[in-house]
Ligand SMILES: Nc1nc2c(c(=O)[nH]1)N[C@H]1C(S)=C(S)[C@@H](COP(=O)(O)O)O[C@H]1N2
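Form predicted alone, single chain, as structure tokens, below.
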């Protein structure tokens, strides 16, 4: 059965938090007491586009109110800067999934890149690229140093890598018993060209001690409760991962500033590991002499049982291991599921495959539910930790309903399972074969 796209109407959004709705929809910064708000040029344009004409006297329009021209439609809301067909899984914090067919680009555009927020982004009006700073410190750092973004650009060599970011919970919706959390299908993944400086170059400039074990991050996102004493998320990676050539402190994505919801103006990018390691709105990095103990590092967050368990089985925190390299996986991005073609036609298939720290060595497709497989053309990665593109042409022997399945095998011989991999309490690491429906008439 086709999964229903979840949308949130204007009335529902404004009912939850009208002032936050104003900020999300139009970018308006509002004063809850006076119920007036300052509409920047971008907000005026967004509001005018939704209404079909510029709003005259917009400066007098009360904050937290739905314009009458939109009130009857209960139009699903859209996050500014994001494609309207992204699937809304949660609105506080914002979590957006990209349907598979929208991931057909060689590199994922900013408006189609998924959003996984654990907290609330800093106010956009508070972000100033010219004054934003990054501090490096910690018990295993030889000194404390602070850099502006401009200083990072001037002092260190710039690098660009195509890197895959995938949420550890991508595919969670298929687990049974269900696992708590955002019910991602297949679209919590993307591959972009990230530009910045190597984290290792900056760490070497600061100096790290021989007892360094882990590198953790802190960003300027806020806890959903609004409590300034609580962290939204503060995760990290072992020093060995931090010192890899492709581990970046990035300020650009596909040659443009990183989108607001994806961490503008500065973020970490650790390709091949859960995207939660790649801290957004980056303001501080700590070099630790132990495994980092920030928010979302503790069990069971981003951990799986160290040994296989049965479905629904409870697992003690001490028996959970931190997720590191993501498993081999692939995605059919063309055609869109539900495609219809004539019996005489061949169907072109294309998509992407990736394998965490490894490479993809073989790509196959099946039209008979995995009874037989045919090889697909597989391109080399643009660089390590990028995804690899594949394509194939398939034929069908008779009219009827079919499914096209895709299966990748990594450089160590691990292949995607045809059905769900081992169950785990948080619903992580589902790398089962992706499949699309096809009707031949």
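Treat the numbers as computed from the prediction; the structure is a model and nothing was measured. Residue numbers count along the first chain shown, from 1.
Keep in mind that the form predicted in complex with the named molecule is missing from the display, and what follows is about it.
- For the named molecule in the predicted bound form, the listed stretch (126-134, 112-120, 356-364, 310-318) containing residues with heavy atoms inside 4.5 Å is 112-120.
- Note on the partner interface in the predicted bound form: the residue among 254, 140, 185, 261 having a heavy atom within 4.5 angstroms of the named molecule is 261.
- Interface residue among 91, 221, 246, 104, judged by heavy atoms within 4.5 Å of the named molecule in the predicted bound form: 221.
- At least one heavy atom of residue 167 is located within 4.5 Å of the named molecule in the predicted bound form.
- By the criterion of a heavy atom within 4.5 Å, residue 330 is excluded from the residues contacting the named molecule in the predicted bound form.
- Proximity of residue 351 to the named molecule in the predicted bound form falls outside the 4.5 Å heavy atom cutoff.
- Under a 4.5 angstroms non-hydrogen atom cutoff, the named molecule in the predicted bound form has residue 275 among its neighbouring residues.
- In the predicted bound form, no residue of 128-143 lies within 4.5 Å of the named molecule by any heavy atom.
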